[in-house]
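First comes one chain, alone, set out as structure tokens in the form predicted alone.
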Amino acid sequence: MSAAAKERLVSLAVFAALAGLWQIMSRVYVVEAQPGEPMIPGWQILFTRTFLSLADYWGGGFGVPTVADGAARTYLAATLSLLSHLAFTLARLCVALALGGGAGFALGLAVSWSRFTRALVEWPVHFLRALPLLAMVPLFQLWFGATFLGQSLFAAYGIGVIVFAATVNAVRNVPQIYIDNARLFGASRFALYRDVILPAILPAMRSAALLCLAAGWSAVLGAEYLGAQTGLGYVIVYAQQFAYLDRMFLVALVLIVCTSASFRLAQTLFARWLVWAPPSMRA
């Protein structure tokens, strides 16, 4: 058996042990948050009654009636509800990554482009970086209200400051000999960035991308607390109001799976982009 296969088996064993420990705790600690709502729901509850309860959040469509209209809970409605709210959260995350990541990357490159752009960009953006993300929640709520744009911009702000700092640091760590050799051969400033600096900072930006994904998921959920009527954050807020701990935990599991999948996708993409780099940079 290869070393990679052994590592996967060990990881699976750890996950199985954690799942078994949770099930044991659900049997031992039988305290209820409210009648019928256990503090630690077992797996037999999460994947039956709890999953079925997600039908409460189905807004209708595709010929599937809603619980609000008097229909009974169904697994089809629960599945459609979960997928629809997940789609709204993913849409906010993608918009935030595009806006925040693009702006942060461009501003980070601008710091090293020239003295004028550095003076124009560096200190103002560093000032914005110092502002706590949670302190910006009421500001974005007042500025944009409970809108898709406002929620996406809030998450984009949290992502952008991370990308900006990572880009500035990555450019500063490019070996000076790369730049000197490019200038020696007559490379223009644009060619220098395109052919030398951008490929050189790509390995460092891999770590920044993973950090942005983690921050992005958190920021999007935080943004959905701002009065959103769709998204996984909305489901969590609604469940919290009625102490539905099992629903909160089930949504948390969905988020763990989605976050892990997004990490895996990012790692796969960077591994392809860094095929020219040593294996240690692609791991």
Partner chain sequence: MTLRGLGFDPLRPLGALLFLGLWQAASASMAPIMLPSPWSVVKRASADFWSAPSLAYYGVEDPSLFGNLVYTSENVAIAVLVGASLGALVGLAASRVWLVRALVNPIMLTAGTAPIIIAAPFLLIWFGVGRASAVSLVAFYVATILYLFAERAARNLDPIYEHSALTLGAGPRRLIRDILIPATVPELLGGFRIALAGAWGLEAVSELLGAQSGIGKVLEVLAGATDAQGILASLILLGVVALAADACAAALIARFAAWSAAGAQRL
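Given the structure is predicted, the values throughout are model-derived calculations rather than measurements. Between two forms, the rigid core is the largest collection of C-alphas that superpose within 1.5 Å. Residue numbers count along the first chain shown, from 1.
The form predicted in complex with the partner chain exists for this protein as well; it is not shown, and the discussion that follows is about that form.
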{"item": "Complete contact of His126, Gly222 and Leu245 with the partner chain in the predicted bound form (any heavy atom, 4.5 Å)", "value": "yes"}
{"item": "Partner-facing stretch of 126 to 134, 84 to 92, 176 to 184, 190 to 198, counted where any non-hydrogen atom is within 4.5 angstroms of the partner chain in the predicted bound form", "value": "126 to 134"}
{"item": "4.5 Å heavy atom contact, Tyr75 and the partner chain in the predicted bound form", "value": "no"}
{"item": "is_contact(Ala228, the partner chain) in the predicted bound form, heavy atom dist at most 4.5 Å", "value": "no"}
{"item": "Contact flag, Ser11 vs the partner chain in the predicted bound form, heavy atom cut 4.5 Å", "value": "yes"}
{"item": "Exercise: Met39 in contact with the partner chain in the predicted bound form, heavy atom 4.5 Å", "value": "yes"}
{"item": "Sole residue of Ala146, Leu120, Ala103, Ala71 within 4.5 Å of the partner chain in the predicted bound form, by heavy atom", "value": "Leu120"}
{"item": "Residue among Val67, Ile45, Val64, Leu255 with a heavy atom within 4.5 Å of the partner chain in the predicted bound form", "value": "Leu255"}
{"item": "Contacts with the partner chain in the predicted bound form, stretch 249 to 263 (heavy atom within 4.5 Å)", "value": "Phe249, Ala252, Leu255, Ile256, Thr259, Ser260, Phe263"}
{"item": "Threshold 2 Å Cα movement between this form and the one not shown for Arg172, core superposed", "value": "yes"}
{"item": "Yes/no, Leu82 Cα shift of 2 Å or more between this form and the one not shown with rigid core fixed", "value": "no"}
{"item": "Core-aligned C-alpha movement of Val161 between this form and the one not shown, 2 Å or more", "value": "yes"}
